[in-house]
Every structure is written in structure tokens, then in C-alpha cells.
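Here you get one chain, nothing else, as C-alpha cells; it is the form predicted alone.
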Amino acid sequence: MNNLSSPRSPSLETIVTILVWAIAIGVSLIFAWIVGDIAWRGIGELSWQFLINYPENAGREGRIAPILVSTALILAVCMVVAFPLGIGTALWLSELTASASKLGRLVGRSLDILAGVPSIVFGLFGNAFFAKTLGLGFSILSGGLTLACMVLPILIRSTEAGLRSVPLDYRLAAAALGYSRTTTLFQLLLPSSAPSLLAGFALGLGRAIGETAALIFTSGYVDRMPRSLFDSGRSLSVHIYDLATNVAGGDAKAYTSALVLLMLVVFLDLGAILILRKWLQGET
């Protein structure tokens, strides 16, 4: 029996292990280099005044207070619309529809296609449908709804995968105890799939907060403080793009704005993790 083991297996295993570690370290180094470069170039301009004052001279001398407000409003509209729709659709696909049904397969294929659609196509759709057909114009509402359409496929698919990974025994035990389907969904299945839900939320939020092309056609370029969701507003990613490409001498402020964007992503992700932990502790 000992002769069945190949003498080359340990060396092959060692090579694969080294290769995996090399890839992981390489990806980490690239990430650290990008973040380090942005931090090195942008930290000099970062201050409290940079965050609370208004842009001046096309952004060369000004700050980003209205940009941050517009970004927060766009993200709020996006997640308020996408989160319930995403979770509801994922529950329908995983729990209320047979995986072999034609409608379920059609919805799943549609989501997979939508996840690969370029963002500029979503921007053109948002401009045609939300801005023109619904009459919302270039507004925060148009931008947020467009981003919701972009985030939905990621959120739905990740939540659906988490729900399908919950063992069947959980469902059978809940049925044996006399739990209703609603109680089973919200008290058992959703908490069990919380990591996948958090992953979908983080991925969707990351794509939404860094989106540029779609928002140029929907929320617009205006850098003044928005008074309502129907006002045009410039997101932080659009502001970075404008400073880096259209404003001479705007590179320093572009790097600082990029650093703020990275910090915002980290803050939102940590906040989501904290909320998830509190939720799971409350469930237990």
C-alpha cells in the first residue's frame, strides 16, 4: 500500500503551497503599494478644513464638504432601494422558487448578465429612464437609483449563495418545531447567511461608492451643496476624475480626495461588520 503514494507528491504539494503564498503576497503588496502611494501624495492636504469647507477655483483651492454630502445622499438612496429588493429577490430565488423552474433560471441568468454590464451602459440607461422618462433630471435621486440597479446583481447573488449554503436540516428542524415560513426566513436562514449578506453589501457598496461613469450621466457635475434629492450633486469619485483630468493643477486635491474615499470605504465596511456582530449577538 505504501508503494501507491507517489514520491513526487510532497514536492508538488510544496510547489503549490509556495505558488499560492506568492500570489497572496503579491496581491497584498500591490494593494499596499496603491494605498501607500495615495496616502503619501494625499496626506499633506488632508485636514478638518478640507472636509468642511466648499470647493473654490474649480477645486484647486477649495474643499469637499458638498461633495461628501452628495456622495452620502447618493449612497443612501442606492442602498435603501437595493437592500430590501436584493434580499427579497434572493429569498425568492433560494426559498420560494424551484431551482429548476424556467422563471428562476431566467432571473438568475439575467442577474449574471447584468453583473457584467459596463457601468457606462447603466449610466446611459439611468439617463434615459430616470433622468428623462421619469423626469428626475440630473439629480441625486437619478444617480442613486442607477447605482441601485448596478448593485442589485451582486447583492442578490451573494445573498442567494449564502441562503443556499444553509443546511437543509435547519429548514426541516424549523418545520418540525412548527415555525412559520416567515419566522424561519428571518429568524433562522438570514442570520445563518449573514456573512454572505455582509460580503454582498460590502462589494455592492464598494462598487457604488467608487462609480464614476454612471454618475456623470445621472447625478451630474455640480459641486454646490444639494438642498434635496432632486438637486444635482457631484460624487467623490466624479470629483476625483474631474480634478485629475479636467483641472490643471488639481492633482494634489485629487490624491487627497482619493484618500478620503479610501477612508470612507474602510469606515463603512467596519461599520457594516459592527452592525452584523450586534445583530448576531441579538439573535443568540
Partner chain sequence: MSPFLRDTLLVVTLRSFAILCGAIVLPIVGFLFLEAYPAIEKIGWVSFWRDRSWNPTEGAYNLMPMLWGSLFVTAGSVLVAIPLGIGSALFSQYYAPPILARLYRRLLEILAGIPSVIYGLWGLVVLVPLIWQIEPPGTSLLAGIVILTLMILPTIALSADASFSKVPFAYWQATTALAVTRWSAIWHVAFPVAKSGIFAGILLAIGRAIGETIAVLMVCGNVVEVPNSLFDPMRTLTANIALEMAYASEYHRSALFVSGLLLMAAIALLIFLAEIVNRRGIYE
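For clarity, every value in this text was computed on a predicted model and none was experimentally measured. Positions refer to the first chain, counted from 1.
We do not show the form predicted in complex with the partner chain, though everything after this point is about it.
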Under a 4.5 Å heavy atom criterion, is Pro191 part of the interface with the partner chain in the predicted bound form?
no
Are any of the heavy atoms in Trp33 no more than 4.5 Å from a heavy atom of the partner chain in the predicted bound form?
yes
Is Leu262 close enough to the partner chain in the predicted bound form to count, meaning some heavy atom within 4.5 Å?
yes
Taking the partner chain as it sits in the predicted bound form, is Ile156 near enough to touch it, meaning that at least one heavy atom pair lies within 4.5 angstroms?
yes
Within 4.5 Å of the partner chain in the predicted bound form, counting heavy atoms only, one of 159 to 167, 146 to 154, 71 to 79, 191 to 199 shows up; tell me which.
146 to 154
Just give me the residues of 191 to 220, first to last, that have a heavy atom within 4.5 Å of the partner chain in the predicted bound form.
Gly210, Thr212, Ala213, Ile216, Phe217
Did Asp112 and Leu270 drift closer or farther in the predicted bound form, going by a CA distance change of 3 angstroms or more?
closer
